[in-house]
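Quick heads-up: it's one chain on its own, the form predicted on its own, in structure tokens.
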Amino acid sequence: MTTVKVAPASLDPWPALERVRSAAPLVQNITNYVVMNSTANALLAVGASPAMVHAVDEVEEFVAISRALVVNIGTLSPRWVEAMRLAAARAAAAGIPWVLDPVGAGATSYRTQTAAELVGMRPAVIRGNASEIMVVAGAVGVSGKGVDSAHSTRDALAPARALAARTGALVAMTGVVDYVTDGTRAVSIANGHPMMARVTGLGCTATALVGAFLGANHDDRFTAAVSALAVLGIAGEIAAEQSPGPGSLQVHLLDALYRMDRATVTQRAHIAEAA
């Protein structure tokens, strides 16, 4: 991937990554069965502390001791939705940043309605693929391919801006090129590798890492979100260079997150202001 790297120094991912490693933020995840292990390992590799806590009887109490909350609707059930509501409400009331991943929004009415309800509960960031973002933004006639996107992130940038402006949340879209927008400003991140699309749950991993970066950089959520996506994309590039296929890419990606250094981030990050 190529882009002109014109991002200001304030969007340098390295200081944000250093803060994650020094703070080791506790990140509560209400996430899906498919990705629990992989996202927990990614959080550990980047320097955060993961917790997979979803029981209705304890989610509110656990939010109170966490630095960030991640809500991922990949495998829904009524009790889990109840837990998501309780945790999101507690996080918003306590000023704890939380991230929503509307996995598969548009695939079923239950999933779409759940995503819409949670969008209204003041997430700090909404992270999804282009189709998911377009659905929760209210674009007409949009659907994905199950949990996969049928649209490009560039196609979804205008709906993403509108969603951010309406909700006050940052919108972070991942795809061939990632975008983060607050409704006015938008930044592109052109890092990553096509093989990453062959590993289940790397979008969910992106959401979890956004949570970790928010937990350690709560005073600048824009830089936190951009940095999380850039760091994951760089790790994916490094992993792909060492991997003949997606199985080994998963292992090498964790190693790349763990071994990330300033020189690597500086040389590889492709972050640019987007028109």
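Throughout, we count residues from 1 along the sequence that is shown. Treat the numbers as computed from the prediction; the structure is a model and nothing was measured.
Only in words, not in the display: the form predicted in complex with another copy of the chain, which the text now covers.
With the partner omitted from this view, the residue of 76, 169, 157, 139 that lies near another copy of the chain in the predicted bound form is 76 [heavy atom within 4.5 Å].
Only one of 121, 177, 107, 96 lies close to another copy of the chain in the predicted bound form, with a heavy atom inside 4.5 Å, and it is 107. In the predicted bound form, residue 250 approaches another copy of the chain with a heavy atom inside 4.5 Å. Within 4.5 Å of some heavy atom of another copy of the chain in the predicted bound form lies at least one heavy atom of residue 198.
Among residues of the shown chain, residue 240 is not one whose heavy atoms approach another copy of the chain to within 4.5 Å in the predicted bound form. In the predicted bound form, at least one heavy atom of residue 255 sits within 4.5 Å of another copy of the chain.
Highlighted residues 37, 111 and 246: every one comes within 4.5 Å of another copy of the chain in the predicted bound form, counting any heavy atom.
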